[in-house]
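The data below hold one chain only, encoded as C-alpha cells and taken in the form predicted alone.
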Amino acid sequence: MRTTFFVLFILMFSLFVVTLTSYTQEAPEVSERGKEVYEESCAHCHGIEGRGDGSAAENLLPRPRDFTGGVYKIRSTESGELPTDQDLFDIITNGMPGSSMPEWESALSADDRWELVAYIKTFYSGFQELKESETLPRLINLTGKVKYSQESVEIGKVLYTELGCIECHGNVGRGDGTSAPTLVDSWDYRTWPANLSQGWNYRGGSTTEDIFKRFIGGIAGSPMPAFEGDTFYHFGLTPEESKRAVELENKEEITPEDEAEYAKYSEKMENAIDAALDRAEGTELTPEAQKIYDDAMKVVYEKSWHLANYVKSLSPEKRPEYAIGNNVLRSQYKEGDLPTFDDAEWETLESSYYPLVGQVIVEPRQFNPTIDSVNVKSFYNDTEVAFLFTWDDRTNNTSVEETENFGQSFIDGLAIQFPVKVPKGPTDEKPYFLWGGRKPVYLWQWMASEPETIKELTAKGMSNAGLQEDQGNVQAESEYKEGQYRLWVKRALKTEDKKDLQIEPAVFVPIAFSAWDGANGDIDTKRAITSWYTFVLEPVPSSRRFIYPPLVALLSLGLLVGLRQFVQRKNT
C-alpha cells in the first residue's frame, strides 16, 4: 500500500514539475553576448533600439517587429499575454516562413539564440514587470483536441463561412477574400491574409495545434482576431441551446412561453460575455463567473478544433518537391488532338512545381514577392505542344489603377523563358537567367489585360527585350478563379522563325519563369522569378517493346526444342 502511494506521489510530483517547466523562463540573464549577437544579426532589420526601423526595414513587408511595444504575433499564450521565452526562441530558431525573417538555427548556436531571447526582452519593460510580479502568462489550453477526421473537416468548413473567414482568406483559403486588398496592421502598414493552401508558409507552424493557437490567441497586431467573447454566434450556449435559440429567432409567431425561454438564453449569453470581458480586463472572476466562462469556452474550443482541422485539410502535408531530378517537367506524348483548356485529361497528370523568389539583382527590386510558385503540366503530339500553367494570386489586376492607401497597382502577368538555342549538354553554357545577355532568350509573355494573348519576345537582358516582328501562332486561354490563375498555351514544335525555340522529343530544354502581382506593386523588373529549370518531351514509346518479348520467347523455345532433340540423338 505504501509503495503504491509512493509511486502515485512521484507521478503527481513529476506532472507538477513538467507543468511548471512549461512556464519557466528559459533565457539566461541578459549579457553583452546577447547584445553583440543582436547587433550583428538582427539590428539591420529590427534597429539598434529594437523599434523595427533598421536600415533594411523600408524594403520589407510585413515590417520587422517593433520589440518596444511588446506585441508579438506568434505565441503559445492567450490573447493579450506576452509570449514565453520558448515562444521567442522558437521564432528565432525557425524564422517566419513567407516573410523576410529567416531561420537562425543554421547560423547561430542554441546558446546564442537563448542570449538573443534575453536581450530582446530588454526592449519592453513588461517582461521585467511580469518577472517582478511573479505571475505567469496564461498558456492556451490544448486539452480536448478533436481528432482529425472527415466529419470534423466538414464541421470546420461550415464554421469557416459562419465566422467570416472567407472575407479575408477567400472561399477556398487562397487569401483572396473581398477584404484582402484593404487590410492593414496595427501600424497602418499593408498586410495580406495567409494563403491557407500553402501550409509551408504558415508562421508559427502548420500542425493542427499550431493553427488552433492562432485562433485562440489571435495574431497580435494583425487583422486576425482571437476567438473569445462574442466571436462565436450564441457565445455561452451549448450547441443544443443554440439550435433552439435559432428556432425561436425564426418563429413568425412568438408566444409568451417562447419569449420567456429566449430571455433565459439571452441572459445566459450576456453573463458569458460579461465574464469574458472581465477576464480580458484582468478582473478576478468569482467561482460562479469562472464556471460560466469555462463552460462557454469549452464550446468555443471544440469549434476551434474543427476549424483547425478544416484549415489543415486545405494544404498538402509538405511543400511539393522542386521540378528537378525525377520531378523534372516531362511533357507526355498523346496521339491526336491535344487537350483543350477545360479538358478533364489534364487531371491525369501530376504538376511540376517551380518555386519563385523576389528579383533583387536589378533595380527596381522585389524584396517581398507574393507569388510563391508556378505549377505546370504538359502534353505534346507529333506537331504541337500544350502547357497548363497554374499560380496563386490574391487579386485579379487587369489594368493600372491608383489605390486609396497603397499607391498604384499594376497588371498581373507571367512570362515563360527559353533559350533560343538549346544547350548541347549539361556543361554547355546557358543564357543569363535574367532574360539573357550575350546569348538571347525566347519568351512567351502573358498579361491579365489580354487574357487570350501570348506575345513572343526576344531578350538580351531585362532592359533589352522586344517584340518579335513575326508573332507566331501561339494560342492561349486563361481564367482567374478563387485566387488562382490558370493559363493554357499551345504552339507548334517547329517554326520557321530562327528566333523561336525549336522543340524536339528527348531533348532537355531549359525553362524559367517571371511572375507579376500587380497589387503588390510588381512592374518591369520588380517581380518574382526563377532561375533555369528543365523540361523534356518524353520520347514516344516504341512499338518494338511489344515485338521483342514474344520474339525472345520464341527463340528461347526453339533453342530448348533443338537442344532436347540433340541430346536424344546423341543418347540413341
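Since the model is a prediction, treat every value here as computed from it, not as a measurement. All residue numbers refer to positions in the sequence shown, first residue = 1.
Keep in mind the form predicted in complex with a small molecule is missing from the figure; the text below concerns it.
- The stretch in contact with the small molecule in the predicted bound form, judged by heavy atoms within 4.5 Å, is 104-112, chosen from 249-257, 316-324, 104-112, 358-366.
- Contact with the small molecule in the predicted bound form holds for all three of Ile92, Gly164 and Gly204, each having a heavy atom within 4.5 Å.
- In the predicted bound form, no heavy atom of Tyr265 sits within 4.5 Å of the small molecule.
- The small molecule is not shown here, but in the predicted bound form it comes within 4.5 Å of a heavy atom of Ala194.
- In the predicted bound form, Ile503 stays away from the small molecule, with no heavy atom inside 4.5 Å.
- Residue contact check for Tyr485: none of its heavy atoms lie within 4.5 Å of the small molecule in the predicted bound form.
- For the options Phe513, Phe67, Tyr533, Trp516, the residue carrying a heavy atom within 4.5 angstroms of the small molecule in the predicted bound form is Phe67.
- For the options Ala275, Ala296, Ile454, Leu307, the residue carrying a heavy atom within 4.5 angstroms of the small molecule in the predicted bound form is Leu307.
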